[in-house]
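A single chain, nothing else alongside it, follows as structure tokens in the form predicted on its own.
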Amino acid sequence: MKTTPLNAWHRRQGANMAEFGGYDMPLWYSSAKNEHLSVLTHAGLFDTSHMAGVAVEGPDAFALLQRCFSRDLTRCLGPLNHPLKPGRCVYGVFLNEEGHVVDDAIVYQLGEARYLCVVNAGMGGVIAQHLTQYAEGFNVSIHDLTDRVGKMDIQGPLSAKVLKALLKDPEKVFENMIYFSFKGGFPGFDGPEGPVLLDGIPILLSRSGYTGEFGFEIFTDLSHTVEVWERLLKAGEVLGLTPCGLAARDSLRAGAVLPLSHQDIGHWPFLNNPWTFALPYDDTQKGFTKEFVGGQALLDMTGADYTLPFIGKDLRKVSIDHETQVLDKNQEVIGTVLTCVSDMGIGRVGDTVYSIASPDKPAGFTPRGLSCGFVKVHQNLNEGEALELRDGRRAIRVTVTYDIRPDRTARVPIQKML
């Protein structure tokens, strides 16, 4: 297995380690529950150096991404559909000709002809080859940056307060830093000057993350990864900053209705799911505003399955394997379970779901946790419809929902979090 620069640190802390995406990664340190709750109430720090980057630069970089990436980069920002510009990034997917997901990605525009695609672990070479396949005739350079950059995510309501203690001129750094904006250049790949830490280490700081909560993704030179990690933990000690593993990352992202590539989206049509905002639909919602790889296949598609979020009655889960079934109210098998985790930060009071971070939660509310995740079924279902999930050990009752964990903070203005 591969390792990140923080592997020895994880092992010294006694982390429970496992393979993920070809890397030896921490699942948890103290417990997945404690780490999950820390992100909702204080802040958590995740090693994400296993994720890959692909640099795309040159006069035709924009044109190639327009051809291969699902988002229309001329109209992808905000409710007014402004074009992507330097200092902004956007989520989308790379599809094959059949309209199936090769991988999802966040594309950063570093300059007029410089872009960075951040993709999943082990996918840097795959996406670089995918782009190269369609680059004939384009004046563009494509570079797989796998294992060449250090990356970590600080997530939770106190994230900015932790960073403030380490940044030079933090007021300037945080000024106008809206959701899915970033400052700085990508290490080893030219970009705009940006934030530096007090000891002079440059970083790319992105107002994004994979938890649904307020926070940042931090890119740094590979050689500085351990130093930046340890400095963040030291600065955040008084604020309750906690190192977190992939188990909490998984439960947090599911509660925030965020997909795991190759599990919730993958080798089936990218349709009828909560994330089709990543497709460039026109005003009619029947066509696309551009031509792109896989687009026509989606427009021609009929009979695709539906991927729907669900929430349980308690924290009990079912396993994820080919034998786990989704049954409707008539006990007919209608699909399979893609993700099933327990969001330990939520609970029910009567028919209402609250988060531990909900400002209107009842006095004395203590979340007991609720199972949640995604099912893939053969028919569309309405919010509130009852389902049964059944594996070889147990059956649990859940309901279809449009949202899971309430009162998430990812989009809260930064000044409110300082």
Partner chain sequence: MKELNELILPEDVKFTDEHEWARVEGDHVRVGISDYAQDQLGDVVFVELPEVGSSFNKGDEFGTVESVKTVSEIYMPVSGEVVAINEELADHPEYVNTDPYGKGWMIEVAPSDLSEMDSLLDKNAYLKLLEEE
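Residue numbers count along the first chain shown, from 1. Computed from a predicted model, the values in this text were never measured in an experiment.
Form predicted together with its partner chain: not shown, discussed below.
- Although the partner is absent here, Leu315 is a contact residue: one of its heavy atoms lies within 4.5 angstroms of its partner chain in the predicted complex.
- When contacts are judged by a 4.5 Å heavy atom cut-off, Ala15 counts as touching its partner chain in the predicted complex.
- Taking the partner from elsewhere, Ala247 is found to have a heavy atom lying within 4.5 Å of its partner chain in the predicted complex.
- Shown alone here, Arg394 lies within 4.5 Å of its partner chain in the predicted complex, counting heavy atoms only.
- Of the listed positions (Phe374, Phe62, Tyr354, Trp28), a single one reaches within 4.5 angstroms of its partner chain by any non-hydrogen atom in the predicted complex, namely Trp28.
- The contact with its partner chain in the predicted complex, taken as any heavy atom within 4.5 Å, belongs to Lys33 out of His42, Lys361, Arg390, Lys33.
- Partner contacts here mean any heavy atom within 4.5 Å of its partner chain in the predicted complex, and among 75-83, 126-134, 161-169, 315-323 they occur only in 315-323.
- Residues of 274-313 include none with a non-hydrogen atom no more than 4.5 angstroms from its partner chain in the predicted complex.
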